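We begin with a single chain expressed as structure tokens, specifically the form predicted on its own.
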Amino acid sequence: MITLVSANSKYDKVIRKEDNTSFNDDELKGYNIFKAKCSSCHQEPLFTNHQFENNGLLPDTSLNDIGRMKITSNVEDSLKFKVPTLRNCEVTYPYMHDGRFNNLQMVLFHYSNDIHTTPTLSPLLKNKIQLSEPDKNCLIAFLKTLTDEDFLRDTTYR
């Protein structure tokens, strides 16, 4: 598993200042929005904080999925799930631990409009993430820069 390294996306090339690669206007605006509103949990360069967080999903009663609490038996871990990397997120749908969202637009709608409040909700989400529709479009444009086509097409691991 440690040999599976995705580090050649447009984002990586921009950060390395490689081949005169740069973000377009929407991607740059999205990157700035990302740093301001998303990077507490999805920290660069791996785009995760390796923690478990309650991201405000309405619990699916048919799954009876209580999150990390199932492992720890600690009520403070109720509805907390591992923060995933966002690398290659353009192609890793469906999203969330239970696959409830089919696209990035649905994910951003959740964070900006549909947070379900519970005692273990991440404090960073108590007021939702304020995003306009143009902000969401720019944020998605940035997230797509995390797609590493070289990694995805590498047949070494098939």
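On a predicted model such as this, the values are computed, not experimentally measured, just so you know. Quick note: we count residues from 1 along the sequence shown, nothing fancier.
Beyond what is shown, the protein has a form predicted in complex with a small molecule; the following relates to that form.
Annotation: in the model of the complex, residues Val14, Leu28 and Thr145 none come within 4.5 Å of the small molecule through any heavy atom.
In the model of the complex, the small molecule lies within 4.5 Å of some heavy atom of Ser122. A residue is said to contact a partner when one of its heavy atoms sits within 4.5 Å of a partner heavy atom; Lys37 meets this definition for the small molecule in the model of the complex. When contacts are judged by a 4.5 Å heavy atom cut-off, Arg68 does not count as touching the small molecule in the model of the complex.
Interface residue remark: His97 is counted as part of the site for the small molecule in the model of the complex, having a heavy atom within 4.5 Å. Contact annotation: of the candidates Asn64, Thr118, Ser132, Thr92, the single residue with a non-hydrogen atom within 4.5 angstroms of the small molecule in the model of the complex is Thr92.
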